[in-house]
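The chain that follows stands alone, in the form predicted alone, written as structure tokens.
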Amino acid sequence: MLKILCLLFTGLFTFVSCKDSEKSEINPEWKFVRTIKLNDITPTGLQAEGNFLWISDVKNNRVIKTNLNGEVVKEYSDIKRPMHLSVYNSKVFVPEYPSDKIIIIENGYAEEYPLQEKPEAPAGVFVNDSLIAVADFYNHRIVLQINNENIILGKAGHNKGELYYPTDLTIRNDKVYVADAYNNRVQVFDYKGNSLKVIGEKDKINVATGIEVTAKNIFVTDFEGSRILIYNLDGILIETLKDNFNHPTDVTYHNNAIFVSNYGDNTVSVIHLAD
């Protein structure tokens, strides 16, 4: 298993087909609109900011800013294997996987963020006013730094409250949502480290790589299943999107649309709320 995990984050993926009884929607809420083609960009992390996308280009060791047509407007090179990033107050926070660092891009410059607790292979990051949270991949935990206080969420394992190679996370309403990748599920924690909810265990998620949470929904990318699972905030599966994805790694929400990075064919899928 560890070999497969290493392959996942070095770009040599093991593809597994997905067969399950997925949720069928008579009136689906989300509709595929278009594909954004990326020129020589292999996307992992993805965040929307205004009319632009920030993309971690894992194979080329750089972070790219594009417009919504995929045209590059800025490039930051020499960022080693960037993963799931976060954008906050015009700053871009990037996990640099092999160096165990978080890099901040601000005003055209890139520098290291001073973490108090060093992760081993950071795979995802989330930032807001008072906190930074990091998916600590090889330590099977989330490192939450709030006002200079460190809180550890999770530990290695497969039970509730335990994580197995977390890849991404986001925070909403003081709840930490974690893509618990190789436990094939999502977990929700509070700031004290209590596991509040386990989501998706019966949905045969192959690898839960990316996560986004809105006021209504939880979006999860299933990399090896080439699909997006959409849950309500109670953790009930309400829709599964299966078309127009090629090994998706991340999902971001902006202006009633979701944008999905496709590692398999160097594209971004754009999905809107159906009329």
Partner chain sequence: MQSRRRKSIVIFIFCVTTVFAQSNEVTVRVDGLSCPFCAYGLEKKLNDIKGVENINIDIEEGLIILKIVEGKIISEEELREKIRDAGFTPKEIVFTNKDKKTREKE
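Numbering follows the first chain given and starts at 1. From a predicted model like this one, the values you see are computed outputs, not experimental measurements.
The discussion below concerns the form predicted together with its partner chain, not included here.
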Contact segment among 51-59, 227-235, 32-40, 212-220, judged by heavy atoms lying within 4.5 Å of its partner chain in the predicted complex: 51-59
statement: in the predicted complex, the residue from Ala123, Ile102, Leu153, Ala133 with a non-hydrogen atom within 4.5 Å of its partner chain is Ala123
message: Suppose contact means a heavy atom within 4.5 Å; in the predicted complex, does that hold for all of Tyr165, Tyr182 and Tyr263 with its partner chain?
response: yes
query: Wondering, does Gln47 line up within 4.5 Å of its partner chain in the predicted complex on heavy atoms?
result: no
- request: Answer for Tyr88 alone: is it within 4.5 Å of its partner chain in the predicted complex, judged on heavy atom distances?
  value: no
message: Using a 4.5 angstroms cut-off on non-hydrogen atoms, would Arg172 count as touching its partner chain in the predicted complex?
response: no
message: So, Met83 and its partner chain: in the predicted complex, are they within 4.5 Å at any heavy atom pair?
response: yes
field: Those residues of 129-143 which, in the predicted complex, come within 4.5 Å of its partner chain by heavy atom
entry: Phe137, Tyr138
